[in-house]
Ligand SMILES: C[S@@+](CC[C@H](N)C(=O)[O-])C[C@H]1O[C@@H](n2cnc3c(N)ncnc32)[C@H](O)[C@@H]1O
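There is one chain below, alone, in structure tokens, taken in the form predicted on its own.
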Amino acid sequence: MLDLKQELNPRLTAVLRCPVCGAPMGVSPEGRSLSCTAWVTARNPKGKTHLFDGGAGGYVSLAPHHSGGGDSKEAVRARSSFLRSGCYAPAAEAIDALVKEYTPEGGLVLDAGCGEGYYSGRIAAEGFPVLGVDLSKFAVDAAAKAARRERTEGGYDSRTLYAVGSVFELPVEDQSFDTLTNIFAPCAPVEYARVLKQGGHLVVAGAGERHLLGLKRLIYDDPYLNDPRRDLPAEGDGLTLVETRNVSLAVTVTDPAHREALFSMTPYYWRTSREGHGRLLAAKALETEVSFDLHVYKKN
């Protein structure tokens, strides 16, 4: 039977705020849901308690106005399979190193747009409590189940809390996290600055100029370099750029299922011709560059 007291890290539960009324939240006595304190406020004039049930996998849904969205179950399964193949491992290790460098020991980390938890799970394995938020219930379900397996096999208490929610309306109190990671997900600088502690850091990972250029050469007649991200923090967002790093490597993907999974993870999946997709399917192997641009910002 689901017991959120086991599934959710208590330090992370303590910084949650009700997405409806903004009141503090806690695990209900029976351990199956989260509920908020019945405060009388302008947002909650009747002092109503709001209840959020836990999913069977051990996650919670904190997006009351969200009717669905994010990655499908099939997309999550494909991406998980590809990431477990290790092709992105060097880039993931670089992200781990940045988080360790800029986060105090035991500091709280928020992974905004966490997907199936590949990166947040690695960060939690380093000993940091990690809150993962994503719009896809299938993704956070997969992330929570993976965290449960790690916890059970490792014999330690929960280090994570996974929730369905929007990165633009994070259900946490102000200045509650030491570090926030945003890895190939929409960037919401003002919201991230709100939840970071003074002096805390934001780590943003996105596609470098030549990221997956080999894939584009295969599927497009006229391949192009990637443009810089347009949603990075700007002046006035409360965040100052500390450093930028790039991690680039060459990978060869021979497994047809992994090639298709990688393709499905990209925006090219939706705008590639049938002929281009056919060339990918017919290829014996995909040789391509992988390039992550990593940006670190500090909360002013």
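Since the model is a prediction, treat every value here as computed from it, not as a measurement. Throughout, we count residues from 1 along the sequence that is shown.
We do not show the form predicted together with the named molecule, though everything after this point is about it.
What is the one choice in Ala78, Val203, Ala185, Ala193 with a heavy atom within 4.5 Å of the named molecule in the predicted bound form? Flagged contact: Ala185.
Which of these residues, Ala92, Ala146, Leu98, Leu135, gets a heavy atom within 4.5 Å of the named molecule in the predicted bound form? None of the others qualify; the residue that does is Leu135.
Site test, Asp53, Tyr59 and Leu131 vs the named molecule in the predicted bound form, non-hydrogen atom cutoff 4.5 Å: Result no, not one residue of the spot touches the named molecule.
Heavy atoms within 4.5 Å of the named molecule in the predicted bound form: which stretch among 177 to 185, 225 to 233, 210 to 218, 101 to 109? Answer to the contact question: 177 to 185.
Just to confirm, Asp71 within 4.5 Å of the named molecule in the predicted bound form by heavy atoms? So Asp71 counts as contacting the named molecule.
Does the 4.5 Å heavy atom contact test between Gly115 and the named molecule in the predicted bound form come out positive? Judged by the heavy-atom cut-off of 4.5 Å, Gly115 is in contact with the named molecule in the predicted bound form.
So in the predicted bound form, does any heavy atom of Gly121 sit within 4.5 Å of the named molecule? The answer is no: Gly121 has no heavy atom within 4.5 Å of the named molecule.
So, in the predicted bound form, is Val172 in contact with the named molecule at a 4.5 angstroms heavy atom limit? No - in the predicted bound form, heavy atoms of Val172 and the named molecule never come within 4.5 Å of each other.
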